[in-house]
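Same chain, two versions here, written out as C-alpha cells and called structure 1 and structure 2.
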Structure 1
Amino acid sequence: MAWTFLIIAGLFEMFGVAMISQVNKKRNWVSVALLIGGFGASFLFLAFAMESLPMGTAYAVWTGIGAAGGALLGMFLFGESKDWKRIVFIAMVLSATVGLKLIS
C-alpha cells in the first residue's frame, strides 16, 4: 500500500507542477486553490508512504515521478520541446525510480 500512496503522491506532485504553469498564465483564486490542493495532497500521500518506506527512497521516487511527469506534461500539454535528449534524460530518471523500487 505504501508504494500506491507514493505513486498517488507523485501524481499529485505532477498536478501541482501543472498548476504552477496555470497560475503563471491565469492568476485567479481557482488556479491558486488547485495549486495548493495539489501540493497539499501530494505531501499528505507522501507522509502516508513514508510510514513504511525509507525516507530516502520515498523522497527520491516522489521527486522522480514529479520531475519526469512534469517534463512529460510540459511536452504534451504545454508544447515544450520534445528533443530526443530530453526524452533520454527523462527515461534515465524513470529507470532510476524503478531501480529504487527494485532494491527496496
Structure 2
Amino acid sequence: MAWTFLIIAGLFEMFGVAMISQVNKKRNWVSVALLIGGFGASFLFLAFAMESLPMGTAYAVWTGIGAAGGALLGMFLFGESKDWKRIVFIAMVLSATVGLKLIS
C-alpha cells in the first residue's frame, strides 16, 4: 500500500508541475488552486508513503517520478523542446538527484 501511495504522490507532483505551465498560460485562480491542490495532495501521499518506507527511498522515487514525468508532460502537452541534448542533461540531473537521495 505504501508503494501505491508513493506512486499516487508522484502522479500528483507531475500534475502540479504541469499546472505551473498552465498558470503561466492562463493566469486565473482556478489554475493556481489546481497547482496548490496538486502539490498539497502530493506531499500528503508522500507523507503516507513515508510512514512505512525509508525516507531516502520514498523521497528519491517521488522526485524521479515528478521531475521526469513533469518533463515528459511538458514535451507532449506544452510543446517543450524534445532536443536529445536537453533529454540527456535532464536525465543526468535526475539520476544524480535520485542517487543522492537514495544514499542519504
Partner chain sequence: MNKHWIMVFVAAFFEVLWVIGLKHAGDALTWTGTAIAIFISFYLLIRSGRYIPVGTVYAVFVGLGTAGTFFSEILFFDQPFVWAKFFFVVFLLAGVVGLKLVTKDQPSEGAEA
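Throughout, residue numbering runs from 1 along the sequence of structure 1. Not measured: the values here are computed from a predicted model. Definition used throughout: the rigid core is the maximal C-alpha set that superposes within 1.5 Å between two forms.
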Legend entry - Structure corresponding to the form predicted alone: 1
Inset, instruction - Determine, after fitting the two forms on their core, whether Met92 shows a C-alpha shift of 2 Å or more between the two structures. - result: yes
Legend entry - Per-residue C-alpha deviation between the two structures [Asp83; rigid core superposition; Å]: 3.0
